[in-house]
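The chain below stands alone, shown as structure tokens; this is the form predicted on its own.
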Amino acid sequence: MAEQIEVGVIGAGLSGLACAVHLQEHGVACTLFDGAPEPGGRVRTDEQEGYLLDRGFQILLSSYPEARRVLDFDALEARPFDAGSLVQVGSKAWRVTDPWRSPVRGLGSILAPFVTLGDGLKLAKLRSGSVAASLRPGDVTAGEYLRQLGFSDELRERFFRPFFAGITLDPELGVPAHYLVSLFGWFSTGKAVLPRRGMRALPEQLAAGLPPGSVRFGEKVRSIRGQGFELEGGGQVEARALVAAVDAHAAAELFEPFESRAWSGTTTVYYAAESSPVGGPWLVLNGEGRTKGPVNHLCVPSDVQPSYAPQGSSLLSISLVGVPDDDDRSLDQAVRTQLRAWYGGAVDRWQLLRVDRIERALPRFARGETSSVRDGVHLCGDYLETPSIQGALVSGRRAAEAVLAQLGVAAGPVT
């Protein structure tokens, strides 16, 4: 006989966990099923030789509204990146800093050869949000919008492109302009942070807040039928309401037909070094253009959060947009060749720890309407919102609200 539960949530990534948290807040019991041995989905952290290696370059923005609602930032023991970025051109690094947070450094930003006075005024306008008043979703791409605002070619290529390409994994900035404006606002009002235990701390905290036994790991769902599903081990489960908190790729395997989403990939190369070449909690952008080498940006996570590396050592995270065909040795050589021009011979002494190739790092924005219900099953995942931590958490809450409505439970306002 099938096991009977109140609400079943397939997937214990951020969206599934957020859904469960919201249901619990309203007194509705739910059980999550995930084939992995731990929560998180694409948000994972591995430990290797005393280093914390997040699965690809990942950060948490302290200004994400949904993250502020569901996460305890104090318990995460998160530490911030410095506001702004270093734009690397050859051996010279130029600081581009928010003048509202650091007036002295911010004024120094206009001394960079690729920042004009007009650029500075337009940045102030973009930061204020006033330029977004007439924006409608889908109007123009982010790249086209920056051109329309009149930013110089050099600033767009040396700062905006590598900065936002590192976040959206789209080097052409083809994401909707309204998303770029939202990102810029979140970066302007909050900070990029890293938790003490790495990015795995986010799903760990959400899972720890659920009742014991409500998250069942190592139990992958094979198929869905109505409000029930079959596990790979052969068990049958029936629920009053069902949520598929999986990405679009997995959803396409569970529902036929289902339009899967295109993905953007990324590659992260991790090195151990005796000391940091950056010397601070900065994001370093490749300001030399896309023809100088494979690196889009880099950072030293241990400069931000010392727990990422053993004492007396530094962890370097080098990010590429896309997944090249090169083997690890060739990719390592290409990265070192580019960074040797930035940091000199010390690059040759770095120890290669790992190369992460992530084909499905972020879903690309959906074009047109996207349904959040399929065959009576509620869907959630960042592919239904924005490809981000914020999008995953919001999607999970909205799925929970739909379940509450199905069960006749008053959801109440979101605080």
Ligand SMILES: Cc1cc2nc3c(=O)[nH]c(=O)nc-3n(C[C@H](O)[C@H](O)[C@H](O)COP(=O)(O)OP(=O)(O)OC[C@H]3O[C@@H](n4cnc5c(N)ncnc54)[C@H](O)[C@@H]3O)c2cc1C
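If you're wondering where the values come from, they're calculated on a predicted model, not measured in any experiment. In this text, residue numbers run from 1 along the sequence as written.
Not pictured, yet referred to below: the form predicted in complex with this ligand.
Enquirer: Could you tell me which of 67-75, 204-212, 220-228, 145-153 sits within 4.5 Å of this ligand in the predicted complex, going by non-hydrogen atoms?
Expert: Single hit among the candidates: 220-228.
Enquirer: Which listed residue (L52, C30, V43, L379) meets the criterion of a heavy atom within 4.5 Å of this ligand in the predicted complex?
Expert: Of the candidates L52, C30, V43, L379, V43 is the one lying within 4.5 Å of this ligand in the predicted complex.
Enquirer: Hey, with this ligand in the predicted complex, do A252, V394 and A399 all fall inside the 4.5 Å heavy atom range?
Expert: Checked in the predicted complex: no contact with this ligand for any of the three.
Enquirer: Any chance S62 has a heavy atom within 4.5 Å of this ligand in the predicted complex?
Expert: Contact check for S62: no, nothing within 4.5 Å of this ligand in the predicted complex.
Enquirer: Against this ligand in the predicted complex, would T266 count as a contact residue? Criterion: heavy atoms within 4.5 Å.
Expert: Yes, T266 sits close enough to this ligand in the predicted complex that at least one of its heavy atoms falls within 4.5 Å.
Enquirer: With a 4.5 Å heavy atom cut-off, would you call A245 a contact of this ligand in the predicted complex?
Expert: Yes, A245 sits close enough to this ligand in the predicted complex that at least one of its heavy atoms falls within 4.5 Å.
Enquirer: Do F365 and this ligand share at least one heavy atom pair within 4.5 Å in the predicted complex?
Expert: Heavy-atom contact with this ligand at 4.5 Å: absent for F365.
Enquirer: Could you list which residues of 13-27 come within 4.5 Å of this ligand in the predicted complex, counting heavy atoms only?
Expert: Result: G13, L14, S15, G16.
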